[in-house]
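A single chain, nothing else alongside it, follows as structure tokens in the form predicted on its own.
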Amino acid sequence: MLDCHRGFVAGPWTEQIDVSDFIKRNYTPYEGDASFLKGTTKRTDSVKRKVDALLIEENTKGGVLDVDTEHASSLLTYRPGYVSRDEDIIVGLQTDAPLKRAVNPFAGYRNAEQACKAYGYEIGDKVKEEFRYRTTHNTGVFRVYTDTMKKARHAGILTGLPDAYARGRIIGDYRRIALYGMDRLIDERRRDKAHIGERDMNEATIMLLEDIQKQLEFMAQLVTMAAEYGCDITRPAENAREAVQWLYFGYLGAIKEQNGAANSIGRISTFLDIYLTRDLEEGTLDEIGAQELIDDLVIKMRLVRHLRTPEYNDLFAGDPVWVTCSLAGMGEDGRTMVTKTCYRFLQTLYNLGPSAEPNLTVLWSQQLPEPFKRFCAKVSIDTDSIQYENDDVMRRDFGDDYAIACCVSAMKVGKQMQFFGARCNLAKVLLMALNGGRDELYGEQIAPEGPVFDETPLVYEEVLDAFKTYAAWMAKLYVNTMNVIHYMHDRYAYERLMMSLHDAEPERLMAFGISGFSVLADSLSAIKYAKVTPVKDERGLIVDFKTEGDFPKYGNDDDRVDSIAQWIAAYFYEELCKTKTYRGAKHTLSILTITSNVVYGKKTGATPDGRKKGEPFAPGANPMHGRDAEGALASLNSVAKIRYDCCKDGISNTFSITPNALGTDDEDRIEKLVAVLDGYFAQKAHHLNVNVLNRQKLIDAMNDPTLYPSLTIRVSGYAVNFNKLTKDKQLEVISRTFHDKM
């Protein structure tokens, strides 16, 4: 045992890299209430005022404060940056100044160039010269894409693919740096390389050895980056402040190198609590100082920015970066993993004000301490800034040391990584099936040619057979498209630092997604239970539908349609699994749209459920707006029926309820929200965003942004500052169901 590990309980973690074992042996579960929490210090208030002023200036300038166009971002590109050099406790910025964005052309030079131009900048000559002869990920992808892949992408059947930007959704185990120091991690990785080098030199071995060498190069660069801030991360952290700082350096290096969507920070609260508790017991830290450390770390997380194109912002609105931070849950040994630092992270929403970042995610269990459940409910009611995911469901598959990437994607920290892949528009696949493989908007033949249905009432069994045929074709195309994307990403934009903070041979997941879920479920329900007659245009394509009679609608706890929704997810997942993935990745599936449900709707014609051409879809696994008419619990019950077994990448549900529907006063609302969460997750439901507010508040904020400048809401797996949404996204959020009865 090293002196830096004084007071810690030894175990396998001292002999091998095993953060999970360290946590299990050393953390202190907390079952008390929030009365110990402290507010901000004068120093924190001073830093916050500086940050708030910069945020106002950023908004005034159209959402981007500044861009460094003269350098391509990497670990050692920039001189050290500070919010306030004399006041920062946790140091380090992506560039040399807060909110200054970096140019990161490795995933796609043209994408970076367009992002600069969108905000009035131009990439500097030095960067242009550096990338003149360099192959980027995007270039590699489009070298290999088939014509069909390009057509599907253009038509909006496959949308949001990370083929022009970095893929994201990889969680480095940044805790390893604090616990072991970089010298130990580098030595371990060198041994990994030597051991793997004894194998036969087949393609997989050669690729892995090259990956490890790239990792080693960037591990050395991380040490240099930290040294420029005056910190020696070659050794383990000596105290809580160093533990926070060392961990943050790992995350900072990762986001300097990669600008992928959703580079989450992982599950860090219980780990950090071990160091904070030791310092508190040794008398070198008090509770005010402990909260101040977490406040300062969260301030740095809130400053994370990436340079995005307008097209990217259409898909993922509100300038999100998804610094997802997973809290609480239960240990496999039956102890709660709630610690005082779980409370401290939630307290930042009071000390620093509500915010979309970091994306605070509570891993909910029936066994969580009641005081913590109540505090979470209070924070949700007050701030609308946190989300909940079912720890009892995920823990069975991922153990008790997993974290959430992006919004709803679970991974074992340091043991698994993900090949992220956006979404397939299944509502559009139904229209393609009815039109014999042609796109209903452009008229282009994309899928194999088949018969176009007649202008006579649709027969459910015939429609279902056609849909199955085209969904199976779509699933194969989707997997093969993803294989191209991730082969090229590994080749030209590999996440060297993030992957160095994984095991040398992690399990790989390939994450597929569904959009248009409730539209498809309701459309099939309409065809089955009502009378739906197609309407063709002059091209002979079905472009509209005449629907006569009523039909059961998803979101009302009606098994007639909810069973259709269950079948959709299970069937598409089974079809995806029939096609092999790149590097043997395990197929996973999500029902998650972020705010791209608006864009998907724009790319989709009228559907049999009565939705008109171009109208938005519902987000994630939500029922369509206004159709869940039987109250909040019925809506939740419908979503809870979707099986996590076939959707292990997550099932997103965004739930909005008015304060009066939840209760008559604060205590009543807290009690009711805890009961709702317990009841929902007891049904093995996976995820819930919670908004407690009235629709009129959003309307007022849209009409006059100065009324609620920091208004934060949950949208679809993440939170966003409402004022950062474009008008069409704001209108879509306002049109969603706000439950006014349980």
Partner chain sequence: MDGYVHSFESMAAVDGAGIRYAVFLAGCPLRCVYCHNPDTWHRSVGKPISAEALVRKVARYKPYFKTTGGVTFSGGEPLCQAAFICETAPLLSREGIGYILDTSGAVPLTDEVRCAIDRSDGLLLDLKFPDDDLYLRYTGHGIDEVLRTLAYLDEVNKPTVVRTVIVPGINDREDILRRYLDRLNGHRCVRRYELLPFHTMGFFKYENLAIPNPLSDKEALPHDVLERLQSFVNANITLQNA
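Numbering follows the first chain given and starts at 1. Because the structure is predicted, anything quoted here is derived from the model rather than measured.
If you look for the form predicted in complex with the partner chain, you will not find it shown, but the lines that follow are about it.
The candidate spot formed by G450, A466 and D544 is out of contact with the partner chain in the predicted bound form: none of the three has a heavy atom within 4.5 Å. Residue contact check for A634: one or more of its heavy atoms lie within 4.5 Å of the partner chain in the predicted bound form. Mapping the unseen interface onto this chain, E574 falls outside it, with no heavy atom inside 4.5 Å of the partner chain in the predicted bound form. Shown alone here, D700 lies farther than 4.5 Å from the partner chain in the predicted bound form, counting heavy atoms only. Put simply, G663 is close to the partner chain in the predicted bound form: some heavy atom of it is within 4.5 Å. Checking 64-72, 35-43, 682-690, 49-57 against the partner chain in the predicted bound form, the stretch whose residues place heavy atoms within 4.5 Å of it is 682-690. Proximity to the partner chain in the predicted bound form, defined as a heavy atom within 4.5 Å, singles out one entry of H154, R643, R335, K672, which is K672. The single contact residue among E130, D490, E242, E630, judged by any heavy atom lying within 4.5 Å of the partner chain in the predicted bound form, is E630.
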